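Coming up are structure 1 and structure 2: the same protein chain in two forms, each one given alone as structure tokens.
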Structure 1
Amino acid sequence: MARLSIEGLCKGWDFPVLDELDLQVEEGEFFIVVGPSGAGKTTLLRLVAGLETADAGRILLNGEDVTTVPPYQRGIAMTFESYALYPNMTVFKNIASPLVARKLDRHTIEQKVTAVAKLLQIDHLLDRKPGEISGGQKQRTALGRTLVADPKAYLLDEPISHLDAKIRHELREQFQTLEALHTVGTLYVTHDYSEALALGDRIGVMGGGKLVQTGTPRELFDFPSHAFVAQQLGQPGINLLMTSLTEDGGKTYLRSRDGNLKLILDEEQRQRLNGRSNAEVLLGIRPQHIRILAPRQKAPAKHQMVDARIEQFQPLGSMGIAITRAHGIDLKALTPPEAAHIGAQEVRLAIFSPAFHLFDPISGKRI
């Protein structure tokens, strides 16, 4: 049985926010909901925590319907993006507050608080109050208060979004090894796709009041069921081109609606588009599937070669991002860290055809 089960959940004000949303988080599963701002991710957590009242649907914990149960009786621990700390209490007392509410003995409280404070690298701040620490330290304090609890489920609302890059990376590693987060279901909300891919056992991409697709990180990244899902995962974002299906010389092409870029489809892709002759297709190409060839370098197998011009280049240390112009179309490409390109440089692109993503231009669904 799922540790956390959500069935047909609805919530709206002057407009719908959640529309018959279904979700199951298994015991010990780290489930991440990712999506743009305003998609309803925080509303979902607040409904599960009991801080908002659902218009319709059910929320079950270990098979028990808790839809109308008061928040303090649900046994859920939640970290808020806005911290929600007690300003008159020290960091120690803020973290210890759920343990004090459970009337644990002083030694156990000190032991648990000290351990989680060391994990979050705030053990030197335990005597300070929230007004005396930084925003990132406040967020770690709020996270610590959640981690010391012994709940039926964890709800984490962008718990590391305000931390610096080094601490975020360290906490991602800790999230993967923390035993507490893998004994009950954890529902983790973020707008950062890299967090979702790095941490999630499964991911749900939220849009239009529903989870558009759920699956493992690999499934969602390699086989997005919708163009919206493809856009939410990956940085730089996927190249999306409106194209028309054409036949020429016995070969099937996708020709860009803007510009004059032509790309050949392989047999498997052609079969998928069978019956769509002269129809429009939304083509997705991830930047890592576009390579910039060195002078006189041949295109690797299953790659198509296209002439282009560098419009902009961003060296990022571990990789580079090149924005190129090919036959009137802008295409983003990833480059090796040692690459260096200048504006207006003429180059040749090698595009890996088998990795094309084909979507219906009206519904956005994968073809």
Structure 2
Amino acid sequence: MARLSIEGLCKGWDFPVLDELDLQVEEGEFFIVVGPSGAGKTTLLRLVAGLETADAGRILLNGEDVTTVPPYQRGIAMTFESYALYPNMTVFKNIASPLVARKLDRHTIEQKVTAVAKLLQIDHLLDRKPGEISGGQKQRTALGRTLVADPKAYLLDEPISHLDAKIRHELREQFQTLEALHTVGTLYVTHDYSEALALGDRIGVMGGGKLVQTGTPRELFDFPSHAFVAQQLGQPGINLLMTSLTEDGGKTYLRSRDGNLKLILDEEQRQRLNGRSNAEVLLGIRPQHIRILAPRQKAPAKHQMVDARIEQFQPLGSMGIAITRAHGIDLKALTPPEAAHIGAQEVRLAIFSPAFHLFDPISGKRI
């Protein structure tokens, strides 16, 4: 039995936001919903928390229908994007709040709060007010308040998006090590795909009021079911180009609609495209599958060679991004850290063809 399961959830205000969304968080699972801003991620959390009423659909918690249970009886804990710390209370009182609500005795409260604070390394701040601590410490306090509540499920709304990079990485590690989050069931919402890939046991990509695809990070990254999913995951983003299927000399090509880029398909890919009435194909190539060859270097196996010109190069330290132009088509390529390129440099690209992603240009679905 799933810890949290959402069936056909619908919600709209002036326009529909969630449209028959289904989602299951298994026992002990860390489930991440990723999607662009405005996709309805926060709405989803608020519905699960009971802060909004569902227009249709059911929310089940441990198999029990809680769709109409008010938030204060659901036993769900949530951190807010804005942290929502009580400004008039100390950090201690903020964390203790759910325990006080449950009327636990003072000694137990003190014990639990101190333990959680120690775990989150904020035990030295317990007497401060939220106005006197940093953003990262605020987030830890908010997290403390949810952890101490011992809920049936955790909801985390963009918990680290507004923090600076260093703190973000610290907290990311914290999320991985916090046992509680991995024993009950956590629904974590973010717009940052790298958080999703790094933290999620499973990921759901949200779009069009639904989860477009659900799966492990690997599955989603390697086999996106939809061009939208492919575009959401990965930085720099996937190269998408409109092509049409052509046959020439017994070989099957994808020829770009603009420009004159021709890429050969292998047998397996040709099979997949068989029997399609529409010759148009949306081709996706991840930048890491495009390599820039050194002069006179031979193309590695299963790679196709394409002449191109460097338009722009961004060295990022641990890697580099080259924007190249090949036969009238812009292609982003990932380069190793030591690479250095200059604009207008003529190069040859090696494209790893087995990793082509083929999508239907009308529905966006994977072929």
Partner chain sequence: MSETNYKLVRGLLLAFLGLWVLLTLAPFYWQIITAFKSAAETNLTVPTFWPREFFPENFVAIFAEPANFSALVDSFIIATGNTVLSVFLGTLAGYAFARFPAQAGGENLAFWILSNRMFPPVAILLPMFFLFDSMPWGTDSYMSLIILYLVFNMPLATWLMMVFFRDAPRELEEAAYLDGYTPFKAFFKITLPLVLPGMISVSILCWIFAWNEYLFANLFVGTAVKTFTIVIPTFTQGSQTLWNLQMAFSLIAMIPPVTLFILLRRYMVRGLSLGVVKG
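Every residue number counts along structure 1's sequence, beginning with 1. These numbers come from a predicted model, not from an experiment. Basically, rigid core = biggest C-alpha set you can superpose within 1.5 Å across the two forms.
Item to complete: Could you let me know which number goes with the form predicted alone?
Response: Structure 1, not 2.
Rigid-part split between structure 1 and structure 2: do residue 261 and residue 102 share a side?
No; in the rigid-body motion between structure 1 and structure 2, residue assignment puts residue 102 in the other part from residue 261.
Item to complete: State in degrees the rotation separating the positions of the smaller rigid part between structure 1 and structure 2, with the larger part superposed on its C-alpha atoms.
Response: After superposing the larger part, the smaller part appears rotated by 11 degrees.
Check your understanding: Where the core is superposed, what shift in Å does the CA of residue 124 undergo between structure 1 and structure 2?
Key -> Its alpha carbon moves by 4.1 Å.
Core overlaid, residue 141 C-alpha shift between structure 1 and structure 2, how many Å? Here residue 141 registers a C-alpha shift of 2.5 Å.
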